[in-house]
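One chain comes next, on its own, written out as structure tokens in the form predicted alone.
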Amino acid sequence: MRTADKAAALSAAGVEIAAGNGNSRTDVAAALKGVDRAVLIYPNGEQQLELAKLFVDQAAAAGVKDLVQLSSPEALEHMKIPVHQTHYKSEQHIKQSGLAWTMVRPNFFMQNFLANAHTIKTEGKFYLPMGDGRAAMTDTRDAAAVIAQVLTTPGHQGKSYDFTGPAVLTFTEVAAIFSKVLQKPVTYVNQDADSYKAYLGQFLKSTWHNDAVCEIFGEIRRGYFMPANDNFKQLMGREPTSFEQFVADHRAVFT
């Protein structure tokens, strides 16, 4: 939890807050004291693997019974992009730790488009270096639902759940959905990759993070995508959130 306001809201809801730093063994150990089940969620970053290993080691030492990690379908040995390798190596460390584990591995998040809200609102355009790439996008709320399901029902230990949204979409098709739901023209602008990286660098002060985002986008631009699957429905008993629903639910942000 990174802000006092968010922590206060959780406290008011009855959640016990453990304040500390993820890079402190003492702080992490204190947070895990008496914990039976834990969820490991770290944003992509240069120190992500180091922090994940510290958390896992302290969880094992604290006697945590179940560990759930938010990972990625690209957490595979042959996927060489640093973000994918970080997820892969983190998974391997968990599997070798002796902890009971479950990997929750959603695909490309719909919420990434919240970063494009300003230009969608002011220009009726969003700029991304995706070419003719496509993705079966997932709503982060569905990822949260899967994590809750794994934590509160039996039978998930030792399993990895790769899941997607309901449809593989090109970014031109994404623009058409924005246009339909927002009832105004929205256009996808295929931005030059170098220009996009320079633009993104104004907001991402970490060179590692900027490189990581652009490498993933380049992977999509070159044609990689994960086919849509029905794993979410099989696990949750309902359809995953559509991109249409995502836009409708966030209409105020885009307008």
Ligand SMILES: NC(=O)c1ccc[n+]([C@@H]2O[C@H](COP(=O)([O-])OP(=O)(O)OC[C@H]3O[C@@H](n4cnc5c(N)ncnc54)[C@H](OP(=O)(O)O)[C@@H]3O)[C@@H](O)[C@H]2O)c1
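Residue numbers run from 1 along the displayed sequence. Here the structure is a predicted model, which is why all the values come from computation and not from measurement.
Below, we turn to the form predicted in complex with the named molecule, even though it does not appear here.
Colleague: Identify whether the named molecule in the model of the complex is within 4.5 Å of every residue in the set 6, 22 and 43, based on non-hydrogen atoms.
Modeller: Yes, the whole trio is in contact, each within 4.5 Å by some heavy atom.
Colleague: In the model of the complex, is there a heavy atom of the named molecule that lies within 4.5 Å of any heavy atom of residue 48, even though the partner is absent here?
Modeller: Yes, residue 48 is a contact residue.
Colleague: Indicate whether the named molecule has at least one heavy atom within 4.5 Å of a heavy atom of residue 75 in the model of the complex.
Modeller: Outside the cut-off, so no.
Colleague: With a 4.5 Å heavy atom cut-off, would you call residue 112 a contact of the named molecule in the model of the complex?
Modeller: Because a heavy atom of residue 112 falls inside 4.5 Å of the named molecule in the model of the complex, the answer is yes.
Colleague: So, residue 150 and the named molecule: in the model of the complex, are they within 4.5 Å at any heavy atom pair?
Modeller: Looking in the model of the complex, residue contacts with the named molecule do not include residue 150, since no heavy atom lies within 4.5 Å.
Colleague: I need to confirm a contact call. Of 178, 161, 126, 108, which residue comes within 4.5 Å of the named molecule in the model of the complex, counting heavy atoms only?
Modeller: Going through each option in turn, the one that passes is 108.
Colleague: Just one of 146, 135, 94, 83 has a heavy atom within 4.5 Å of the named molecule in the model of the complex. Which one?
Modeller: Flagged contact: 83.
Colleague: Heavy atoms, 4.5 Å, the named molecule in the model of the complex: which of 183-191, 65-73, 197-205, 222-230 makes the cut? Say which one.
Modeller: After filtering at 4.5 Å, what remains is 65-73.
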